[in-house]
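First comes one chain, alone, set out as C-alpha cells in the form predicted alone.
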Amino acid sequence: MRSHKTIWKSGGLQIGALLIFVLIVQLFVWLTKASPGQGELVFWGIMFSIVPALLWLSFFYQRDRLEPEPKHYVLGVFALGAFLTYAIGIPLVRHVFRVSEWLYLTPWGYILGSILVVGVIHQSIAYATVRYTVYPTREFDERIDGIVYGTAAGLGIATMLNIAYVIELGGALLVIAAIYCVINALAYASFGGIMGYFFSVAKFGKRAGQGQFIWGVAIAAVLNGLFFWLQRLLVFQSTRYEPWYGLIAGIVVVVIIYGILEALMRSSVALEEAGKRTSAENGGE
C-alpha cells in the first residue's frame, strides 16, 4: 500500500498539471498578444476540451493498482459518456426542458434546476454508461472499478459539454475556454467518481442492492447543482466576470471531494487486498 503522503503527492501533481495548463495558456496570450480568428478559437477550444479530461483520467487510472482495467474499456466508457451527452443530454437540457429560458431567473430556480434537471440528466447518463456496459462484465471485479469507470463517464460528459460550449459560441477567448474546460473536467470527474463508488457498494458491499444506484445518482446530482451554483456566485459579480475566482473555488471544492474519493479508494484497495489474503490463506489450509 502506498503511503498517504505519496498518494496525495500524486494527486496534487495531477491537479497542479491542470492549473499549469491554464497558466501556460494565459502566459501565451500575454506574450504573443494573440488575436486568433474564429476558426482558430474553435479549434483551440476543442483541444482545450480534451486535454484536461485526459490528464485527470490518467490519474484515476493510475490509482487502479491491483488489476488495472483494460485501456480500451476505460476509453470506451469515456467515449460513450460523451456520445450520450451529445445525443441525449444536450437535447434534453436545451430543447425539451429549455433551461436557458428559466434557469437564471432566480437563485432558487438556478439551484433546483441545476440539481433536478441538469444534474439528474447528466448523472443519469453517467449511470447508464457504466451500469449497462462494464458493470455486468467480469472486468468489473474490484471495489475500485466503480470509481475508475464512473470518473471516465463523468469526463466524457464534461468533454462533450466543453466542446458544445465552444462550438455554440463560435469559439471562446483562449484563457476563458481553458478555465471553463478545466473546471468542468474537475467537477464531472469528481461527481462521476462519487457515483461510481456506489456502484462498487452495490456489487461488493455489505449493503449491496439496487438502492445504492439511486443514492449514487442523487448525491452526484446534488453536488452538480451546488457546485455550479457556487461557481456562478463567484464568477459573475455584479458587472464583472471573474473566471479565475471560479477556477480557484473549483480546485478547492474538488480537492475536498477528491480527499473523500481517495479515502474511499484506499479503503477499497485495502478491502480487496485483505480479501485476497484471506482467500489465499483458506486455500492453503
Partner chain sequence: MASKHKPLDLFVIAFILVCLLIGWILKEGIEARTVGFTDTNANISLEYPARWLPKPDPGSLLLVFDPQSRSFFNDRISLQVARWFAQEGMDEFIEHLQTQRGSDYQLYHTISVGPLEIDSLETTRMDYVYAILSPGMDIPNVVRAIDIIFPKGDQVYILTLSADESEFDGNLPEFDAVVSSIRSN
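Keep in mind that what you see is a predicted model, and the values were worked out from it rather than measured. Positions refer to the first chain, counted from 1.
Below, we turn to the form predicted together with the partner chain, even though it does not appear here.
Contact check at 4.5 Å (heavy atoms) against the partner chain in the predicted complex: all three of 97, 108 and 116 pass. Partner proximity in the predicted complex, defined as non-hydrogen atoms within 4.5 angstroms of the partner chain, places exactly one of 183-191, 75-83, 125-133, 146-154 at the interface: 125-133.
Between the partner chain and the residues 120, 169, 90, 163, the one pair within 4.5 Å by heavy atoms in the predicted complex involves 120. Interface residue among 230, 218, 253, 51 relative to the partner chain in the predicted complex, by the heavy atom within 4.5 Å criterion: 218. With a 4.5 Å cutoff on heavy atoms, residue 112 counts as touching the partner chain in the predicted complex.
Under a 4.5 angstroms non-hydrogen atom cutoff, the partner chain in the predicted complex lacks residue 176 among its neighbouring residues.
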